[in-house]
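Just one chain is shown here, as structure tokens, and it is the form predicted alone.
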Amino acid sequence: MFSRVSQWIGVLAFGCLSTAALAQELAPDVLVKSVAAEVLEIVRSDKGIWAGNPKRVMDLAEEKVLPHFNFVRMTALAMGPSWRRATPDQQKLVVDQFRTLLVHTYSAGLTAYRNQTVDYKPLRGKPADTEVTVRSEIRQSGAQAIPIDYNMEKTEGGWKVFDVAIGGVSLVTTYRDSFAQEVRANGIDGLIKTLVEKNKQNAGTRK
């Protein structure tokens, strides 16, 4: 269900985000660029991450990246019409499990980083825009560049990511197809159960 998405999350290690105060002050493209350098430096120098230490990797993802994703909006977009049919309790459960899934898959991707570099495209938009796309490419010698677009929205807490397109394919759209299939087969509670089971499997493999 989530195998292709899990492969994608690793490349998110090369472009995201920092403290709440910094996020509120910087333009979206400047924010992504400046914190990318911080994350990459940590990944390069942290022996625990290189060794695949689960706790160190999870801590880095939690501290530096995930606070700057709007998981409620991401989940609502991924669920599509099913989001409106879900109860508030079901919505909260799906958001929590979706976030946990991304924590695990993103953390796994951090350990795969070696010598890739990031190129950024000029930001298109107006100063008054509340939604923008920060465009970048992951480059590695001997391999084709991977385009990554971060769809971001301006909130009271700063700029937040609500979708990521890798190679032109939306992360949210891919989850939407998987979520819709699960809901059709087993309902919203079935989707929650599947996410819980997937997260338990991920937790088991990282011990």
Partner chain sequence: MREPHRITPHDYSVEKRPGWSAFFAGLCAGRLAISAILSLHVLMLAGCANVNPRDPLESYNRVVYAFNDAVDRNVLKPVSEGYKFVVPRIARLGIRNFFANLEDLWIGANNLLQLKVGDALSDWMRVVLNTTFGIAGLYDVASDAGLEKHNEDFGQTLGWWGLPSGPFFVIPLLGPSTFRDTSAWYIDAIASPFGAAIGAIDSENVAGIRYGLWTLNIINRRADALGATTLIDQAALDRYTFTRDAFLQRRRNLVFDGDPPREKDPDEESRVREEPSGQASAPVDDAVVNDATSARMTPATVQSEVQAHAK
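Because the structure is predicted, anything quoted here is derived from the model rather than measured. Positions refer to the first chain, counted from 1.
The next section is about a form of this same protein that is not shown, the form predicted together with the partner chain.
Mark Lys64 yes when one of its heavy atoms lies within 4.5 Å of a heavy atom of the partner chain in the predicted bound form, and no otherwise. No, Lys64 stays farther than 4.5 Å from the partner chain in the predicted bound form.
Do Gly125 and the partner chain share at least one heavy atom pair within 4.5 Å in the predicted bound form? Judged by the heavy-atom cut-off of 4.5 Å, Gly125 is well away from the partner chain in the predicted bound form.
4.5 angstroms heavy atom contact with the partner chain in the predicted bound form for Phe69: No - in the predicted bound form, heavy atoms of Phe69 and the partner chain never come within 4.5 Å of each other.
Contact with the partner chain in the predicted bound form for Asn53, defined as at least one heavy atom pair within 4.5 Å: yes or no? No, Asn53 sits far enough from the partner chain in the predicted bound form that none of its heavy atoms falls within 4.5 Å.
Pick from 26-34, 40-48, 55-63, 167-175: which stretch has a heavy atom within 4.5 Å of the partner chain in the predicted bound form? It is 167-175 that comes within 4.5 Å of the partner.
Interface residues of 66-81 toward the partner chain, as seen in the predicted bound form [heavy atoms, 4.5 Å]: Contacts from 66-81: Asn70, Val72, Arg73, Ala76, Leu77, Gly80, Pro81.
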